[in-house]
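One chain is shown next in structure tokens, namely the form predicted alone.
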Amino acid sequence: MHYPFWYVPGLTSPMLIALIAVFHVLVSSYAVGGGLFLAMEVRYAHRTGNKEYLAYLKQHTWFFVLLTVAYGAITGVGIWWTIGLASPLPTEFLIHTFVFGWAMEYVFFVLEIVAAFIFYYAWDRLKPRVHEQIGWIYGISAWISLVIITAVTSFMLNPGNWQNNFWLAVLNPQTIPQILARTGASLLLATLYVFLHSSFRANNASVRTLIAQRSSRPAMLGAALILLGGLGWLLTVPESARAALTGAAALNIMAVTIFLLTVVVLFMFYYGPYKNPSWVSSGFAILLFVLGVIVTAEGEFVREAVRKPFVIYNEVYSHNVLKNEVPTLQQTGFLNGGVWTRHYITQRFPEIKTAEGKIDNARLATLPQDSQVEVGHTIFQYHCGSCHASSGYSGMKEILRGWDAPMLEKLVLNLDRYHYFMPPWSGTPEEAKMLTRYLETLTSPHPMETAGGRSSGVQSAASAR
């Protein structure tokens, strides 16, 4: 509540985070799995003296560095930029809780970058053994970065009994399942990138066959880890997250799709590249890559969606309010709880300002109708705008079709009762009326009324009586 609201029309700011995050995960997973793949395969090529394979690996490393270091770094910064604007309070909470973890991650990130550039640009100038060691330094550093970041993201879903202790926060109930799943996704996606790249860039058929044979095993291991980690994730999610998963049809479908497609990919690798490496054509590689992208994107969406009504479970609600602040805001006012909201409203409507510079909730009802709507709009932005747009993604114009004022006010006062995805109402009854005034401007007639179906049915019933 102590930060300004970031307005993203039609989409909402969390959805913008989701879009950037999915693209980043698709590349950052490749950065981890691809680093381990290159370290392992360069060692194999050096040991066997396979110069053609080594030449291809150098070519692939250029693609790898360009994609993971350039694009991956840009989207990584983009995530920090968007979460800082869209969810400032949860971001502050995570920074304070994991400051030591972020410091460690930064060290390993710098080590990754340095090792990646040395690995590629000193390719022909390093002794084979040193070259292999640089590759492993990159691969292991990237995986440790994954572990640290996964500990943070898993904490957001289930902090467990962390008692403000850094190590207990890191070792939360979700950490190991999510590390397994993300490590598996990294191995699987790395293979899919390699298949896709080699199907177009590896001109030597023997090299393509070798890639198919050697990379199919880590890919199948990755698919198995995804299934194992996913099962552990499901067993350790909080009850509210499990209710969110089973209560939303879209999340049900996505969860089943993730499981089925992972199994399908596992069998495709076994009967394709592993048993019949000559099958790896451009079309086959594209199909596998698309399936891998779908599994990864849906997995990220489900993981984020089931956190509602929290951003950080049992600590910070989705509307950027600490859980323990809600009772106070219900007494003193939601608008009074934020520096920006209190200043804006008292500047716009000084007649409701107290001698202490706060908002007198009892005076809100004395404002003209248009002013009440404006106050309600401000409340909507801060209380509801993290998940709902006025119109668009999860838009209120679409959701509230056919609702009247009494229904709207009951909804506002009992948000978490109407749907457990939503946080509790965090303001006074007077503020609830202001929000209702604004929501009334977004409603439209019931579709059956506009089509004549509902009204004609009412008239027929009246005539029968």
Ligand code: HEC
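Everything numeric here is computed off the predicted structure, so don't read it as measured data. Throughout, we count residues from 1 along the sequence that is shown.
Keep in mind that the form predicted in complex with this ligand is not shown, yet the notes after this line are about it.
With the site C-alphas superimposed, the ligand pose in the predicted complex sets this ligand onto this chain such that no atom is closer than 2.4 Å to backbone or C-beta atoms; an open site results. Stretch 433-441 is the answer when you ask which of 25-33, 38-46, 433-441, 54-62 has residues with heavy atoms within 4.5 Å of this ligand in the predicted complex. In terms of contact with this ligand in the predicted complex, the residue from L89, V302, M156, C387 that brings a heavy atom within 4.5 Å is C387. Residue-level contacts in the predicted complex: of T366, Q331, S394, N252, one residue has a heavy atom within 4.5 Å of this ligand, and it is S394. Within this chain, R342 is remote from the site of this ligand in the predicted complex, having no heavy atom within 4.5 Å. Shown alone here, H419 lies within 4.5 Å of this ligand in the predicted complex, counting heavy atoms only. This ligand in the predicted complex comes within 4.5 Å of no heavy atom belonging to G272. For the chain shown alone, N361 is not a contact residue for this ligand in the predicted complex, no non-hydrogen atom being within 4.5 angstroms. Looking at this ligand in the predicted complex, residues R182, A185 and L221 place no heavy atom within 4.5 Å of it.
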